[in-house]
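One chain is shown next in structure tokens, namely the form predicted alone.
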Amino acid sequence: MNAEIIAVGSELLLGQISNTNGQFLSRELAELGISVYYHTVVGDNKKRLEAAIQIAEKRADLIIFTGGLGPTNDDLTKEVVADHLSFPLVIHQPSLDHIENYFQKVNRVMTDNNRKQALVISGAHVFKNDNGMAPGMIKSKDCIHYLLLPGPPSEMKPMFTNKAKELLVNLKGEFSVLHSKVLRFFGIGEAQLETEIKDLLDKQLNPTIAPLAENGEVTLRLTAMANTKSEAKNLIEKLERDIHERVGQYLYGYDDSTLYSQLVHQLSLRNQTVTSAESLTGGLFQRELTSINGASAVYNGGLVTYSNEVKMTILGVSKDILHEFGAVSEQCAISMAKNAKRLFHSDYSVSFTGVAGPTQLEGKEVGTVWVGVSTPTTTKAYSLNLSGSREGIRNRSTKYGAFYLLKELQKG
């Protein structure tokens, strides 16, 4: 089964909102083994929506519409689809009862145009909207299935997950289990990662491997199809072992984990703590780490020491280090990390100093970064040469700090 997703709404074309529905549906359909080859966005215009449907019918046997099911005049998806299929719109009484009950419950007057939301394509299978008013529906004709879903993600996602998904599995006409696992990597580029596992990519059939580079990280989504979930998991585990042998040193987590959530998790398991001293990153590491549930148990606190004077008077970096080597140096990063660990009585600490731009500092080029890491037994600094925007350099620096800390924890 091949699918095309048509998002309806002029607000999408104007850039007022993002089409997160398309991303969600593509991911969900992939799990069902349904290929999505095209995404279309069309405004609230009957002629253009009709043209989009005609094009989609030539290349998909499942067409999913999101949006345009509301009460206003510009909500016209089901009207256009019904007219295109030559089926009338009829009142779906359970949906009308649901809408009327809502207005009674909130003690508001129901206007006539709200009745429009209870209209459905004659003969369609209707999905009750448990999180809104406009029902969804699916109608089939000439071996093509037309699935209409509401536009608000808070309504569309649960309707698809809880109602439409099972129906699509039945329509697909085959029962098989699809299981996916995401492997998360840091410190290796997408090109290098693909080079290291090129032979696995070339011969992939089942499981499949889908690389994705995003925000300075690389992920591999492994997806297997089998008769049972256990069988699918076994297929993925075998492939994962092969990948780990090649690039395991860059693997830090799975599925929805992040460098920061992994760091909090690993410190919690060991009942250990961390602190930070930040110049270049200005507290970004603290912000990212403390956004994770449970961070209060492992993060004692930290310092933002932008000026050399504060580095000396508060953090205890010696005047000689700053005079001889400068703030952007291995020696300064080590001193910052070591002293922060002592001040906050932590097991580990991390420091950041460098040049985020837009101009040089101390004769050092933009992107020159030192990350200091202090453990219960050693303190060292890592040199980075990063490129990109000021924000990008700062973000990647903090991720490297979390990654280096994770590697130290793994040693222990």
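Predicted model only: the values in this text are computed from it and were never measured. In this text, the rigid core denotes the largest set of C-alpha atoms whose superposition between the two forms falls within 1.5 Å. Heads up: residue numbers just count along the shown sequence, starting at 1.
The form predicted in complex with a further copy of the same chain is left out here; the points below concern that form.
S.K.: Would Gly187 sit within 4.5 Å of a further copy of the same chain in the predicted bound form, counting heavy atoms only?
M.R.: Output for Gly187 is no: heavy atoms all beyond 4.5 Å of a further copy of the same chain.
S.K.: Would you please decide whether Gly301 lies within 4.5 angstroms of a further copy of the same chain in the predicted bound form, comparing each non-hydrogen atom pair?
M.R.: Judged by the heavy-atom cut-off of 4.5 Å, Gly301 is in contact with a further copy of the same chain in the predicted bound form.
S.K.: Taking heavy atoms and a 4.5 Å cut-off, does Lys380 contact a further copy of the same chain in the predicted bound form?
M.R.: Contact with a further copy of the same chain, no.
S.K.: I'd like to know if Ser335 sits close to a further copy of the same chain in the predicted bound form, meaning any non-hydrogen atom pair within 4.5 angstroms.
M.R.: Judged by the heavy-atom cut-off of 4.5 Å, Ser335 is well away from a further copy of the same chain in the predicted bound form.
S.K.: Thinking of Ser26, Tyr38 and Val42 as one candidate spot, does a further copy of the same chain come within 4.5 Å of a heavy atom in every one of them in the predicted bound form?
M.R.: Spot residues vs a further copy of the same chain: full contact, yes.
S.K.: Going by heavy atom distances of 4.5 angstroms or less, which of Pro88, Gly123, Pro94, Gly282 would be at the interface with a further copy of the same chain in the predicted bound form?
M.R.: Exactly one residue meets the criterion: Gly282.
S.K.: Using heavy atoms only and a 4.5 Å cut-off, determine which of Ala52, Val369, Val373, Ala60 is in contact with a further copy of the same chain in the predicted bound form.
M.R.: Exactly one listed residue reaches within 4.5 Å, namely Ala52.
S.K.: Only one of these stretches, 347 to 355, 43 to 51, 61 to 69, 380 to 388, has heavy atoms within 4.5 Å of a further copy of the same chain in the predicted bound form; which one is it?
M.R.: Going through the listed ranges, the match is 43 to 51.
S.K.: Which residues in 285 to 318 have a heavy atom within 4.5 Å of a further copy of the same chain in the predicted bound form?
M.R.: The stretch 285 to 318, when checked against a further copy of the same chain in the predicted bound form, contributes Gln286, Arg287, Thr290, Ser291, Ile292, Asn293, Ala295, Ser296, Tyr299, Asn300, Gly301, Gly302, Leu303, Val304, Thr305, Tyr306, Ser307, Glu309, Val310, Ile314 at the 4.5 Å heavy-atom cut-off.
S.K.: Would you say Leu25 moves its Cα by 2 Å or more between this form and the one not shown, aligning on the core?
M.R.: After core superposition, the C-alpha of Leu25 moves 2 Å or more between this form and the one not shown.
S.K.: Pro153: with the rigid core matched between this form and the one not shown, does its Cα shift 2 Å or more?
M.R.: Shift at Pro153: 2 Å or more after core fit.
S.K.: For a quick test of reading the superposition: does Leu343 move by 2 Å or more at the CA between this form and the one not shown, rigid core aligned?
M.R.: Comparing forms between this form and the one not shown, the Leu343 CA shifts below 2 Å.
S.K.: I want to verify one pair: Arg246 and Glu31. Are their C-alpha atoms nearer or more distant in the predicted bound form compared with the form I supplied, knowing the change is 3 Å or more?
M.R.: Between the C-alphas of Glu31 and Arg246, the gap narrows in the predicted bound form (3 Å or more compared with this form).
S.K.: Quick one: in the predicted bound form, is the Cα gap between Leu220 and Tyr37 smaller or bigger than here? Answer closer or farther; it shifts by 3 Å or more.
M.R.: Here the pair is closer than in the predicted bound form; there, farther apart.
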